[in-house]
Ligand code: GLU
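Okay, here we've got a single chain as structure tokens, the form predicted on its own, with questions on binding and movement later.
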Amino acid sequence: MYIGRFAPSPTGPLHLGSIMIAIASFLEAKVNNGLWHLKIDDLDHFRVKQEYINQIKEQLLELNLSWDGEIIFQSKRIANYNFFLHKIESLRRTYICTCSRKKILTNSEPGIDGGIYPGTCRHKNNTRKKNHAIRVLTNKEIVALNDGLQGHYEQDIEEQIGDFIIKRSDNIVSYQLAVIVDDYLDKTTHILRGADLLESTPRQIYLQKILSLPQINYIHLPTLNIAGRKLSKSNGDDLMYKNDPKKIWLTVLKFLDQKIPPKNLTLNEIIEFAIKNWCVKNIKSKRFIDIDDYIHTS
């Protein structure tokens, strides 16, 4: 059975880019007669606010994006994450890292996702301290995936990323570990998310292999760009049409190169039309959609 999900971080309300991912992942689940879960990525308690969780739920419901089952909260799964962390440790695939961020930036070469960790602590046999991270040992193995939209993508994690963190120095489990544990617990079969996460996917596959967890089918959609950069909550980007869910649906379908329904339809009719005509392969852009021209002319 197809099981998909939408996993926003409650560090602000959803902007048009995240709404596009929500709509696309919803449509992909429904066209496959599957389930669509809502998972709240709320591990980073320093940035999470309850008001944003409430806003996200309200935004989705206003768009008639109804999730299946109860909402899943990462913050309720700390014991699960630690169980799998200890399992990786028991396989002797981790080590303690006491490097500061400044030290890493000073001594690392630039990579595809920040600096490439140079392995400073790999052979030090560090003991546990108050502010230490845990890194997973990488190797020369090429990790590859066949993405449903981006096509073949591969990565030499050791050369391009380095040994990466699976538990941060502030005692929070990393996104890379938490997300694969979530997908295992939720029996997720398909993930549809933004192409900005494509580079991190091999790390997740690498951890899945270490833990002998089922692998996932991935589709990485183009991200929305404005003024040459990705739409972002941290930049204060909004680009929403207040109280106009029909316009949001029509805009998203246009961005994703889908068949556009007649404007005189109700919201439910638009959604039914979108499900019936949804096709990922219609999306022309692969890594990003530049919406500058659209915004200035609409």
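In this text the structure is predicted, and so the values were computed from the model without any measurement. Residues carry their position along the shown sequence, with the first being 1.
One more form of this protein, predicted together with the named molecule, exists but is not displayed; see below.
Although the partner is absent here, residue 285 is not a contact residue: none of its heavy atoms lies within 4.5 angstroms of the named molecule in the predicted complex. Proximity of residue 193 to the named molecule in the predicted complex: non-hydrogen atoms within 4.5 Å are present. Residue 224 falls outside the set of residues with a heavy atom inside 4.5 Å of the named molecule in the predicted complex. At a distance threshold of 4.5 angstroms between non-hydrogen atoms, residue 197 is in contact with the named molecule in the predicted complex. In summary, among the residues 84, 175, 184, 95, the only one with a non-hydrogen atom within 4.5 Å of the named molecule in the predicted complex is 175.
Proximity to the named molecule in the predicted complex, defined as a heavy atom within 4.5 Å, holds among 207, 166, 179, 161 only for 179.
Counting a residue when any of its non-hydrogen atoms is within 4.5 Å of the named molecule in the predicted complex, the one hit in 31-50 is 41.
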